[in-house]
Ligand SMILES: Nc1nc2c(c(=O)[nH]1)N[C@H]1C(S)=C(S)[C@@H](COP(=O)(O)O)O[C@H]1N2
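As a starting point, one isolated chain is supplied in structure tokens, in the form predicted on its own.
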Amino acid sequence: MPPSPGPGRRQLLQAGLASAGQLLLGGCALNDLGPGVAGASRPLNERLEAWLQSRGPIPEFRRDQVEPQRLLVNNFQAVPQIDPASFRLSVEGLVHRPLSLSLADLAALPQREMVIRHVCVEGWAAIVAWGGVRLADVLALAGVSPLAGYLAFDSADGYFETWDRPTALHPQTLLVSRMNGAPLPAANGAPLRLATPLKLGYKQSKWVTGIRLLASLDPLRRGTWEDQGYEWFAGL
């Protein structure tokens, strides 16, 4: 059996920080130390998690290890009704070539499948085979400006997320249209959602309709749950 991809790396990070006063705050949670300590420890947390991510691909699982029964549906709003024929993904902001991509446009790009563990902040996890196009390939089509350090993702259900640029460019970050060898179900984000082994589930937006490249983040609008106190980086 191949090594576990996400949790082993995160456990190593947490163990190292535990000896330094347990300042690391796990993925999303607001713990008993309070927002003051959370704010003080977050920059260190993000730098260390980013360093772990920069060390190469996350090990993946075998296809026969997929756990479809363990992937729970946890939505922000009701499942939106999206017509695949009229769907367009917009890519705008700090790019040289703004895009409006149909599902056929996305399907014409190189496709990739990865079998990774999806980890939810609520304490459950599931091994999933996600299939789709690398987000980095879409961004390459748009020609991202060197001034862009962040991405904002809009979703059809009103969910909102922001990411750091390095995670978006990671080869294991996908815009997903397939799950476990079949078309992505509507309840799981069809026609297009984010998937990566690098971040907790609440960062992986469903029903993605728009991507905007930004030079900086609005401190009052960092993400649907982040604006309520969850960790912004949320790395594994």
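Treat the numbers as computed from the prediction; the structure is a model and nothing was measured. Note that residue numbering begins at 1 and tracks the sequence as displayed.
We do not show the form predicted together with the named molecule, though everything after this point is about it.
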query	finding
Partner-proximal stretch of 140 to 148, 108 to 116, 92 to 100, 75 to 83 relative to the named molecule in the predicted complex, 4.5 angstroms, heavy atom	75 to 83
4.5 angstroms heavy atom contact with the named molecule in the predicted complex for residue 164	no
Heavy atom of residue 120 within 4.5 Å of the named molecule in the predicted complex	yes
is_contact(residue 173, the named molecule) in the predicted complex, heavy atom dist at most 4.5 Å	no
The named molecule contact at residue 129 in the predicted complex, heavy atom, 4.5 Å	no
Residues of 202 to 223 having any heavy atom within 4.5 Å of the named molecule in the predicted complex, listed in sequence order	202, 204, 205, 206, 207
